Each structure stands twice: as C-alpha cells, then as structure tokens.
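As structure tokens, one chain now follows by itself in the form predicted on its own.
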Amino acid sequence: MLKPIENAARERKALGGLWHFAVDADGCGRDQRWWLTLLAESCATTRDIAVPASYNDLFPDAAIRDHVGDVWYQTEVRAPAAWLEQRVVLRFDAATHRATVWLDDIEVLHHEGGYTPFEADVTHLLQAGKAHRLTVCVNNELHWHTIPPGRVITLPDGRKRQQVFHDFFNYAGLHRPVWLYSTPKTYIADLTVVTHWAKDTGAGTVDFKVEIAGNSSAKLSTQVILRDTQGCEVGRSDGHSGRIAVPHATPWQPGKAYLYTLEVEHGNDRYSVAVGLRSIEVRDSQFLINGEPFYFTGFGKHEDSAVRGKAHDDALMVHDFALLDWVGANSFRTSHYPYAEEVLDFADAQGIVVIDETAAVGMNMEIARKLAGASDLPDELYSEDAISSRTQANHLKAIRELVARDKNHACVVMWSIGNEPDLRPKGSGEYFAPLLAATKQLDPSRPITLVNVMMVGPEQDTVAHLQDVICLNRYWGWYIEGGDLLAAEQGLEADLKAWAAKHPGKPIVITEYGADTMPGLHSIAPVMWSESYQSELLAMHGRVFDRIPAVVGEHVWNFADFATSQGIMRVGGNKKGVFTRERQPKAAAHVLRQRWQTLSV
C-alpha cells in the first residue's frame, strides 16, 4: 500500500484537526446506528477532539482515560471538484486497535490492527461540492486472538476492565493522520524496491516491481527513472519489473544517508520513492551493511508523550532524532509495534538504522500474570483458549501489512515478528516457525528475528535456529541479581557465552537491558532506582558486551520514560528511560554518550 504523496498526477488533503467525539459508555452506538446522523443528535455527550491524538489523556476524566470499548469520531469531508474526474481514496494511517468507517450512511472500511494503514476507494460516493459526513467507530479492546493479545473482564458492577499483557499504556484512537487523496483512474497501485551495493566495485543495483490497477483498456507503457540528489537521471528501465544498474553508486550508509529518487510513470500517473542503495548480510557472527561490520548502538523506544499519547508529532520526532545523534546512537527498534511511517522516512534521511517490529507483544503467561494481576489464565499458552490458530492468522496479517508498508525503506535492516513470547511451552515452535518462514518469503532481502525473553534460555528456545539474528532482552542487575552488579556481571557473561555456543555463527543483539531510575535520585554507593545505579549498570553491560565477540549491538531499554498501566511496580510509568518523558537526560545518558562516541571512532 503506497502512502499518499503530492505531484503533478496526485493530490492529498489532510483531514486532521478538531473532530466531534463521543465515548460509547453503554456500548449502544452500533445498535442505535449512530453513524446515520450527527453525533450530537445520537448521544447525550459529545466534545471536540484533536485528530491525530490518542484520546486517553486529552481530558481530565478517568472514565475516558480508562474506557474499554467503542468511541466515536465524526467530521465533514469535502473533495475538491477537480478530483471527481479522478479516483478518490479515504485513508487512515492507523486506528487503534480496530475501526469501522462510514461515509454518510455507507460502511466503507473495517480494519483490525492498530498500527498499520487501511484505505478505501470512495470515488463513487462523492458528489461535487457536497460535504459528506465521515464517522469512525474505534474500539480499543484486546483479546487472546488480537495482536497484541489481552483480555477483557466484566466487573460485578458491569464495568469492563482491560487486562493488558504488555508493559505500556493501551493508548487508543486515531493517533495518526487521516487523508483524502486522488490518483488517476488507472494508477500505480504498488511498488517494491530491492537495492544492492557492492563494496569491491562501488556499483549498485535497483530491482523494482510495479503493480498497475484500474479499468483502462489502453496499453500504456511503464517507465522507471532513477535520479540522484541533484535530480540528474542515472538510469532508467521500461516495464513493470526490471533492474537499473548504477556503475558508480553512492551508498546509503548508517550516519551518512544518500537517497536517490525512483520515479515511476504509467499513463497519467506518477509516483516516486526515496531509494537508498545498500546491502545487508549476516555472516560469521557479523551483521554487515555494505560489506562492513555494523554494531548497533541505540534504544528500544515508544511512541509516547504527555497529552498526545501515541500520536505522531513532527516536532517531537525531530527532537528525538537530535537526541539520538547527541548520545551517539545509530539505531533503534520500533518496540513493540510499527511506528508512524513519517518516522521511517526521517530515519531514511538521517541514516538511522531500524529494526522494524510487529505488535506481537504479550504472548507470555508468566509476564501476563504479573502485569495483569490475573491468576485464572488458561493452563496452556498455545491453545484454542489462549494464543490460538486465530491469533496466528492475525499475526500473519500483521506481518504482511508491516512488510507491505515498510519494504522500501533503506533504514529498515531487519524484521522482528514479536517481542518476548514464551518459547518453552508445547506448541510454541508450531506457532512461530510458519510466521518466521512467511516473513522470509515476503522479503528474502532482510534478516529476520524474534526477540527472546530472559526466562527462556538457549536450550529452551524452540525457534532461535530459524532466525538470522539472535535478539535478547536481558535484565541482569535489575530483575535478576538486583542490587548486586558483580553477580549480575558474572551471570550476564555466562548467559551470553551460552547463547554464542549454542548458535555459533549467529550474531547477537541485546535488544533490551536497563534499570528503572528516578531522575534526581543520587547516591554515593550505587543503589537501585538511583541515577548512579543506572549509570553503573549500563557501564557494566558495556564491559561484558566487549568481551563477547558474537555481540554486535546494544539497545538500552528505554530511550525515554513512558506511560504504563497502573500498578505497584510503576510509579508514574516505566522509568527505565535514559531520558525523562520530557526528554531531559539522566546521568546515564552521558555515560552512554561517552561509550558510543568512542565505539564510533
């Protein structure tokens, strides 16, 4: 699915701003068909809401913040008269976690999955000069079959409570842009680009595949042109698929991005994408980018900020990337869901490397019991009562939508199909093996991984042998051997050596490690929760990583403090950030800056 762009053939109209909003506290909106009229006429209480934004923190109302079920959005849309000779598409960049959309009285869309786009051709429903009523019902419930999974329970007083099995707040709503855009009637429906750059010759290639849709019977030619940053043509090809050779190519490199532009022309339609020529390879316990060993330095992150929740914000994005540069980070993981595509566009332009992850987090009964406070969960994790064949089908759908959206981004160097599942129980291999295989089939050009949880050792992991890279989340010195950094150092080193011995030749990336830290809490001796302890814990990990040749990367958990569900473990959210939620550095940020700038020399 191609994102909306503007050029001589296409236009787009952002539908963001203030919409009308209603919380469906009684769950009656669908039965009463609220989409058939104005929300103010359908329900007792409506208010204005910002789009894009998560709705939870916008109002001083706990009932809205913790609401479980449907909420309703409504606005008016009007297509420019000139568009009505074109194909007109309504697109949502995301709706968490599912949405049903009506244009006037007609249902035009339904989508499951909170972090990938969905759209519909609405040309036949639009009239010149008419304002059309756009209504969206968004539901935030998580169940065993959803990605991510969760469970909704009904309390004795009739209220619903969402039990989440992951450790971040269940923000919901329309937290990414909504668009109306136009294309010609016969149009470029999809474009797939795979690039390569050879270190020994300096030559590059761009393999492309173009999909055309529409009802034109004319035999129209397809031209594909590659241009450099100056707009000069460096190669071209005809047809729906082919290869453009660039004998003397400038590669896309971490920290030094160079982006060509690939232009596709078909009939009256035009589409272009930024293209970075680079090669990725996993060989002999090394992760190679352009034939050079690459060492990941950076973070697990979250789309999370005060008031906005998970809403994408360009200003915050620019600031976060500036902090990544300041601290010496060269990469991050989209933990634990696909981020807004604008983030990947910016990573392409800034030369930041990305591990791109689906929203499959929380597939772990032991963690679920702790986070949800639930003692009555099913006995078997991988069963039709819990993580089931229906879950697997939704998981595969999430992988397909992630790859379809992000396949052309140079910054994306690896697919992660999930975070911290329990890979010990019966059925875990049967669940994940087909998903790993499907990911590799969808995109053979990138390595694949599945992030391992600390409780699953190398002898217990049922699918590590199917992964190109071993990604490990490890909390030595915090959840294990907390407060004893000497014992934690010994345990961590033994742990990593065991993984390297079990899977020789596979590189290891530490995708999470860290400690909760209250900003401003200091101590002479390193005491847990103090800035001193976080600094020394991170420094200890760095020493161990340097002693394990198979370790090719370190991602601290987390870039910044973030919101979580309420609980006695989390005072004001997760405090493992190296930066506060307001993006102020803790002492550990300076420790990492010194280490990472030294590593980059």
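Numbers for residues come from their place in the sequence shown, where the first is 1. Computed from a predicted model, the values in this text were never measured in an experiment.
Just so you know, the form predicted together with a small molecule exists too; it's not on screen, but the next bit is about it.
Residue in contact with the small molecule in the predicted complex (any heavy atom within 4.5 Å), chosen from Glu420, Glu531, Asp93, Asp320: Glu420.
Listed residues Phe118, Tyr295, Tyr475, Phe346 were compared with the small molecule in the predicted complex; Tyr475 is the one with a heavy atom within 4.5 Å. At a distance threshold of 4.5 angstroms between non-hydrogen atoms, Trp326 is out of contact with the small molecule in the predicted complex. In the predicted complex, the small molecule sits within 4.5 Å of a heavy atom of Phe562.
At least one heavy atom of His336 is located within 4.5 Å of the small molecule in the predicted complex.
At the 4.5 Å threshold, heavy atoms of Ser535 stay clear of the small molecule in the predicted complex, well away from it. Of the candidate stretches 554 to 562, 44 to 52, 57 to 65, 24 to 32, only 554 to 562 contains residues with a heavy atom within 4.5 Å of the small molecule in the predicted complex. Proximity to the small molecule in the predicted complex holds for all of Asp167, Tyr479 and Arg570, with the criterion being a heavy atom within 4.5 Å.
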